[in-house]
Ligand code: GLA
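Single chain ahead, written as structure tokens, the form predicted on its own.
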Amino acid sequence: MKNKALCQLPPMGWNSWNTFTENINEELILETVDVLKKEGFLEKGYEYIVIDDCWSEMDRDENGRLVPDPVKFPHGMKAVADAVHARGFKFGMYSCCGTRTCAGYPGSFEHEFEDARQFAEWGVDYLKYDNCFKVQHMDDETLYRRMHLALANSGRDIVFSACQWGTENVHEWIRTSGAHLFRSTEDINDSWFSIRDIALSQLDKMAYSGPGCHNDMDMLVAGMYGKGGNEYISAGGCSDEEYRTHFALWAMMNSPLMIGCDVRRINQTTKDLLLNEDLIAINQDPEYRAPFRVRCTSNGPEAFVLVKFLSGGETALGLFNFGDVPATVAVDFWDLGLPLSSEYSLRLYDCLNRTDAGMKKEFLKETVAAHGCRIYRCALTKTK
């Protein structure tokens, strides 16, 4: 194990659940890895390949060990992990703090240390740890501490993703549990309403996320277009405008960026969005500062502004319109900390269109599409 802090920035990768649910196998995983590498996703930071629920047999073996489904994974999990590693990626798996996983497979309750050792033997780099089928009278804080201790003493560096759903005031105690990221919401689905509600639910919790422990707003649905693994996840799908807002919000709000679509069938619009290096850079900024919300009295109730200070003195500025019709969204630079009497203006770079957006002084006002956004990277520039 390495003597350095794990997961200082939000992890990026791909997870099998949103599109495939139980329909996973070794061939799918390796095809996905090959496409991600060929299309440049690894170069942009998408390094974790995570197999979600439904990978095991329904019962442990006679020694109490988890057993990969021999039909889905005929060569076993170590062989899959080795193949993923050989392609330059990191390998992730799934378990649960209860007696069963959410789909009814064996959970890790009272098996935490043996399961952690088994994951380490297989070469696992990331564990998504769900919250179903807990025994009565057991609090989440204790259960997640258990698995942290087990993973931290497994003999391998394993990122600990606590899929806790935002209950029991998780944001207040999760950093002390040893988790590297924590699910702060219920499951996302491929609908504008799910994206909107998740984002709004976390606006007052952004400051709880920090280096080494990230507020996980769930996997990305961008590019799914209503083709989820079950009826709940599919949910009708979103427009490209809504997917852009989704990805921009997750980037601005420091959420992990875990792709959930079938990348083997990805279209160019989705590929361009997920590989947008300007949005990724905002999410992966090394200073990792929490964003803050700015209010402007001229904005309607469905409009809001997020600001995130970046390294090098720059600022990320997001104008969002959650309404069903186009709206004017404004921000006064005074509220960013820039006095009206200063010698400075902001030079704006449009991160979605990837173009220079000129100089602005004192305020910015834009018309933003319904369910849309405008994202700028701003540099302080002396006004001549």
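Here the structure is a predicted model, which is why all the values come from computation and not from measurement. Just count from 1 along the sequence shown to find any residue number.
Same protein, other form: the form predicted together with the named molecule, not shown, and the subject of what follows.
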Interface segment, criterion being heavy atoms within 4.5 Å of the named molecule in the predicted bound form, picked from 235 to 243, 150 to 158, 94 to 102, 116 to 124: 94 to 102
Within 4.5 Å of the named molecule in the predicted bound form, all of 128, 163 and 219 (non-hydrogen atom): yes
Contact label in the predicted bound form: residue 183 to the named molecule, heavy atom within 4.5 Å: yes
Residue 17: touches the named molecule in the predicted bound form, heavy atom cutoff 4.5 angstroms: yes
Contact of residue 26 with the named molecule in the predicted bound form (heavy atom, 4.5 Å): no
Interface membership of residue 314, the named molecule in the predicted bound form, 4.5 Å heavy atom rule: no
Of 302, 82, 187, 141, the one that lies within 4.5 Å of the named molecule in the predicted bound form (heavy atoms): 187
Contacts with the named molecule in the predicted bound form, stretch 39 to 67 (heavy atom within 4.5 Å): 52, 53
